[in-house]
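Here are two versions of the same chain, shown separately as structure tokens and labelled structure 1 and structure 2.
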Structure 1
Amino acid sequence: MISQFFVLSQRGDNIVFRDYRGEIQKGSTEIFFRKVKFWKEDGQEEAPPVFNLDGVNYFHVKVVGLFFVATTRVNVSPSLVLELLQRIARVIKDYLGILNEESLRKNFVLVYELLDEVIDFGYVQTTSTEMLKSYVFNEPIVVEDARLQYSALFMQGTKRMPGTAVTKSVVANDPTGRRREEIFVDLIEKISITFSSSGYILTSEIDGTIQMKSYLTGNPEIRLALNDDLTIGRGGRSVFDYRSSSGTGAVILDDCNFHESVHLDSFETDKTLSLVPPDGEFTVMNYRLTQEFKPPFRVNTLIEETGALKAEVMIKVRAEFSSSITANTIMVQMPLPKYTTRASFELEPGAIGQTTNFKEANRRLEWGLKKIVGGSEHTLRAKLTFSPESHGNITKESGPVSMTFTIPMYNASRLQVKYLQIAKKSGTYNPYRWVRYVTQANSYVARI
């Protein structure tokens, strides 16, 4: 049970504020904002998502830079409230198409309509985008998202997706007056991997999710077929036991969970999920696997002392995926010793779309690459200068190298949607189906 819900901008302005029980004193938004802003004096530590101040519990999640906050005096389930906040953000996004400060400010009356129905007297009533439709009477005012990052995520070369589709509201009318029948199924995988200094994989995990966003009228039933050789659970073995499947090609998930609407009746026999997708965006399935997989990138780092107060760093990144695939927005970072005063960079000849930077404030080297084509290799050399004060082991005090990237139309787990079947209403009914894959780095780290 929650007492208040509010959304604050990055600067702490109220964008939406709803008090459901009237049992928390005035000024809770400011109290919250001040506490989060100045959690620790040095500003180094982030405020945890849940904290208690004078008997009031504050929950928050950060979505697109905004704070979605709930307060309560009751000892509630933290998972429930945090899950709810996340869900409210998603429902609002379903209705507004794009969720950001501007769209919230323009549509706050619609948001209040939603909030009135989502929560009553502090208790959750429904978070189903579909059920809420009958209670919403305001037309969303659509804002333009200049960046369109989300759809860019899936773009691979010339295979262009309808970029605006995923940002359209579930209730907005198309300018052309007709609704396009379409459904999006996205496989998003996040890789966590740690390489030892000798390049050996210490830990690796893929956290995947199958997201669905349906714009189909009449809620037809959908069947989603996954790999035939898919198995779930690794029996009694330790999850980090790599002997299991290497070579056999089977996909073995450690564990997974499913959306409420998913029926698993035929999952055992033909690896098919059947569901009637609700409106809006939702997660069909989350999965996790620690099965051995081929890492998309290999990173090599060399540090050499080249003088009394000088050293040279060489970072080499090799893309180990097919040349038909291109990774984008790659960022390589490496902390340098505290006493580093200067860094000069040398890129390989003919490098385009690469940036280098030495962040003096936190002594960090940053190397950005717009694109990396599969099979290619890129190198960065950096000359470091140190201050004359005493310094210890340079190698020990730098690193680890970390990487972030996005690889569209690629997934490391080899989990696939074999087919997407929509129960047909008529012979001519043939909606657009988009199945998209993307892999991102969660924690991609190479020690030195």
Structure 2
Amino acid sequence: MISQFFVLSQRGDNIVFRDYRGEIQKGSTEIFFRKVKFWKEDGQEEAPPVFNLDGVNYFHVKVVGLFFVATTRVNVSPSLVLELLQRIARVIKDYLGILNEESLRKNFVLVYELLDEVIDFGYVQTTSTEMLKSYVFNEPIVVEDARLQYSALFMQGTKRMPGTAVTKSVVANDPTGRRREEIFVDLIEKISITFSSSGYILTSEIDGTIQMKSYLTGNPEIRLALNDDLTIGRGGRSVFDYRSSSGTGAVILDDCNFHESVHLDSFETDKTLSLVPPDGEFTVMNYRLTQEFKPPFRVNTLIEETGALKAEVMIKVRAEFSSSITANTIMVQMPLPKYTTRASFELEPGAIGQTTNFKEANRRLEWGLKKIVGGSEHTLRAKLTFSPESHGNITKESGPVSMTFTIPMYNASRLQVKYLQIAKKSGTYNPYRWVRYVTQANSYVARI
């Protein structure tokens, strides 16, 4: 049971606000934003997703730069409320096509209509895009997405899908008057790796998701085929307690779970999933893998004292994937000793699209790279200056090095979608059935 729901911009502007129970004082949006903006508790730089302030529980998730927030005075499950916020964001995105500040402001009537159907007096009714279509009647106002992030990813040979292909509303009609019959599949993996100081892998894990966004009318049955050599569960025993005929395959998932619409009748024999996709975006399958896999990046760090109050840091990043693949938006961070007063940087000759920064407030080194091509290696040197105050071991007080990145068309688990087949034959269905692979860093850490 929640009391309030609201959406704030990065500046703290109140975009959407709904008070369901009237039991929390006015100004909760300002109180929340000030607390999150200037969070300094527990030695953390960012506010946790759940915190309590003056008897009010605040729950929030950040989606495309927007704060989705719920408040309550009662003791409710944090995971339940956080999942609700994520689902509300997904439902709004399904209806608006694009989720950003402009689309919310232009479609506030539709958004409030959705919220009134999703939540009644603080209690959740439904978060199903398909079920809501029976109760929500406002048409969305289409907003162009300036990023067009999908245009370069969904292609086949010389043919390229328009950038707006997967960022349109599930209820809005095509400007030509006919509906494009398309379906998109995303295989997204978030990897967590910890390297030792000598470069060996200490821990490794993959949290993967197969997501689908359907624009097919009539809800036809589809079949999604995965690797033939896929095994679920250690020792060749699947999560369904059947003995796998293939033994231990090349791709071994520790565990997985499926959307309620997925039928697993033939999954054990031919690794195909049958389902009737609901309208909008939904998760077909979640999976987890902890067996050793080849990391996309190797990170090596060296620290040397060059004087009484000086030291030099060298960070080297090498891309271990194919040269046909490019990683985007890479950020390398390294905490420095608290007595560090200055840092000067030296990049490799001819470096393009790289930025460096020394965050004096929290003594942190930041190295940003716009892109890294597979097989390439990049190096950063930083000269540090320390204050005269007494200090201990520089190596022990530095690090670890952490890294965030996104790699399109790459997946570390080697899980593949072999084909996607629509059971119902129709001349209106678009032949484009795209599968996009994306790998992101969940926790990528190298000890020093």
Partner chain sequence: MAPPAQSHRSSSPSQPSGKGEVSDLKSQLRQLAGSRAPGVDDSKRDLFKKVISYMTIGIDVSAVFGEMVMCSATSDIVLKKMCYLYVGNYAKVNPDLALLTINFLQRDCKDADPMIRGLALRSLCSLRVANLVEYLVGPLGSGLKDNSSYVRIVAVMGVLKLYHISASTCVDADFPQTLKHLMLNDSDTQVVANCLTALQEIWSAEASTSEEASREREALLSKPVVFYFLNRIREFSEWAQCLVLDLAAKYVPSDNNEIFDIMNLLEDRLQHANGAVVLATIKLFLQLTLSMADVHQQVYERIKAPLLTLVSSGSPEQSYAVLSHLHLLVMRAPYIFSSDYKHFYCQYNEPSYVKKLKLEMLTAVANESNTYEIVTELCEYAANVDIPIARESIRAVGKIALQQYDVNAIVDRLLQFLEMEKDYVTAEALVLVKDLLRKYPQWSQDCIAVVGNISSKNVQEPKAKAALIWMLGEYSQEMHDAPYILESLIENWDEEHSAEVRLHLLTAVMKCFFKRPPETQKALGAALAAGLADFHQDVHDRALFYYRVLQHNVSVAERVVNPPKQAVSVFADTQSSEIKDRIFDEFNSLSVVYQKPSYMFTDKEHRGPFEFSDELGNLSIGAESAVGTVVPAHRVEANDKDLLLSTSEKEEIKGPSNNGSAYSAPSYDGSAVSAASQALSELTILNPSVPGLTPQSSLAIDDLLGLGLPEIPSPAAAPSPPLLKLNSKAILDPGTFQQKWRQLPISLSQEYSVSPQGVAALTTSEALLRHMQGHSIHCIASGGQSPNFKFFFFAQKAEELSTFLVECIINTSSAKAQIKIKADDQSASQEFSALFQSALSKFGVP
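In this text the structure is predicted, and so the values were computed from the model without any measurement. All residue numbers here follow the sequence of structure 1, with the first residue given the number 1. Note that the rigid core is defined as the largest set of C-alphas that superpose within 1.5 Å between two forms.
**Student:** Any idea which of the pair is the form predicted together with the partner chain?
**Tutor:** Structure 1, not 2.
**Student:** 2 Å or more on the CA of Y419 between structures 1 and 2, with the rigid core superposed, yes or no?
**Tutor:** No, the C-alpha position differs by under 2 Å between structures 1 and 2.
**Student:** Aligning on the core only, does the CA of K359 end up 2 angstroms or more away between structures 1 and 2?
**Tutor:** No, the C-alpha position differs by under 2 Å between structures 1 and 2.
**Student:** Taking 2 Å as the cut-off, check whether the CA of S77 shifts that much or more between structures 1 and 2 after a rigid core fit.
**Tutor:** Yes, shifts by 2 Å or more.
**Student:** For Q86, tell me the Cα shift between structures 1 and 2 once the rigid core is superposed, in Å to one decimal.
**Tutor:** A shift of 2.6 Å.
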